[in-house]
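Quick heads-up: the structure tokens below are two forms of one chain, split into structure 1 and structure 2.
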Structure 1
Amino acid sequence: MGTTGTDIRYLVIIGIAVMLLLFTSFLLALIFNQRKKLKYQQSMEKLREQQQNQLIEAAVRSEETERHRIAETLHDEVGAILSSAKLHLLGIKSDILDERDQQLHEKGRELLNEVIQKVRGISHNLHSNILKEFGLNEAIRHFIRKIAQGTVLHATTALDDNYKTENPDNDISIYRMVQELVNNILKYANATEFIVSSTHRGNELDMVIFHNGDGLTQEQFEELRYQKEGLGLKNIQNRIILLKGSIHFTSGSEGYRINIHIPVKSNQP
């Protein structure tokens, strides 16, 4: 008995159906397998990110602790010794000295005063007392006022006073970043004018540092932060990772702009 047209029709239909079924099963198996793999990779990635954040956090905290220790040593020990030295120096009766010794005595006093001032400055810089007592905005204002004092630099701040501290540790990181960036501008950019401004909206804080000197571009920042000399930039990057924020360097005809975006929702329970 020969094969009829209907037989062939069934053969083709059943054949295609079976093949399609097999193909679909394979595809589904692959999809499930890949999803499972992806889920596992995501959990591993999350774990890796957590570990990285913990390491960065530990590094930042130990840096901060070390800063405090140095600031306290400078203030309590070096400062005290210098003050004592000043007292001793003032104890010398200068009127019985000859003119040359009087000049030397005067110069010594001036230098000692200068050293005491410098030590106090460094100690305050390293310590975050103002930050803790008066908040981020006041600490930045104080810092900017201090660095612009006695220079031709025109420095202004336009900080959003709606911002209230949610997490003091985050504020220290933000403050240190501003400090590092402004110090970099002073050291390398030859700027005559700069503005530090901030906007607080919802749970987000946007800081902008604008200056009219020779600043960094995004490409330069990316390049420098991996170099040994770029330790400050590496620290900035670490703090950005820690705060889950972002930093962008842009330039325009008027000058350079650094935009820092930080989510400021409290980390505390």
Structure 2
Amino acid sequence: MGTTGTDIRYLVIIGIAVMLLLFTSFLLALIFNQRKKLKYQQSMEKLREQQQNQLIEAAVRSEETERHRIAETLHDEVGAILSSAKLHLLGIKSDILDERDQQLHEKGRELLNEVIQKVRGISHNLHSNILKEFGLNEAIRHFIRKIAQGTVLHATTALDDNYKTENPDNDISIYRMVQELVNNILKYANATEFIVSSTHRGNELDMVIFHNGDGLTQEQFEELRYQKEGLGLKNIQNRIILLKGSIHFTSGSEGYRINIHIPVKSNQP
């Protein structure tokens, strides 16, 4: 009888051990499956992020290629036609015209000169040769000088010359963002002065665009970049994603600031 009781206890212990073993195996299998599922989700998320970045990069490159195509067309074809029209106009002997026709002739010449200059300016803005030849800082300085010339707008730059171009494609994206943001300020902010500044420390480039007009808040930027009318802001956001940087809009008593932070390769030895 005592032996039977002992056997029963052994069977109970073995049963409990088997149940614990089964439970432990089930728990380990569940943990392993969850980890596998999490790893799969992470790999899919990484793949989606890579695909998104590839699409953004393709869109940005396509945009830059189209800019260059339009720039070359304006410079080589439209510019040549306008220059030819100017030669034909200058070939007219103005001294045989009456006073009214002479005034019209002079006005036509002035307008033609103006449109030739504008076409050249647009062509240079669209093309990134100056950036490739002289670097990001000089390209920004040239752009700011050009847009402020002959206007009441007071525009200055304070760029960190310690920054040297390491990745021309990235610099083109930074330059296009500055162009887009400054153009938006000119069109919508009613600013009378602004400054573009930069600071380069180690692996970080920080740019600030400050102006005294009416600017965006961060909330407005987040909202407008998803709207059809906010295509320029969407392009800026795409470039920020591509550069793995950040952009932030703030306002204060003195004006509006746009802070752009971009991780860059260090140029320091």
Partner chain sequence: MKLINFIRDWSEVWALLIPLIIILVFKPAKKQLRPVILYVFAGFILNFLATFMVEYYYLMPSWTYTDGYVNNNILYNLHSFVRVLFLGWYIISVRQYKFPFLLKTLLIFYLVFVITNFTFYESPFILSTRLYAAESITLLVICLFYFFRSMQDESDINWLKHPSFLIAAGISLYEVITFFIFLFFYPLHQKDISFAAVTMRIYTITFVVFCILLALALYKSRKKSNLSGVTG
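Residue numbering: sequential along structure 1, first residue numbered 1. Just so we're on the same page, rigid core means the largest C-alpha set that superposes within 1.5 Å between forms. Since the model is a prediction, treat every value here as computed from it, not as a measurement.
Each of the two structures shows the same chain on its own, and it is structure 1 that derives from the form predicted together with its partner chain. Once both forms are fitted on their rigid core, the CA atom of Q34 lies 2 Å or more apart between structure 1 and structure 2. Put the two forms on the same core and the Cα of S25 is off by 2 Å or more between structure 1 and structure 2.
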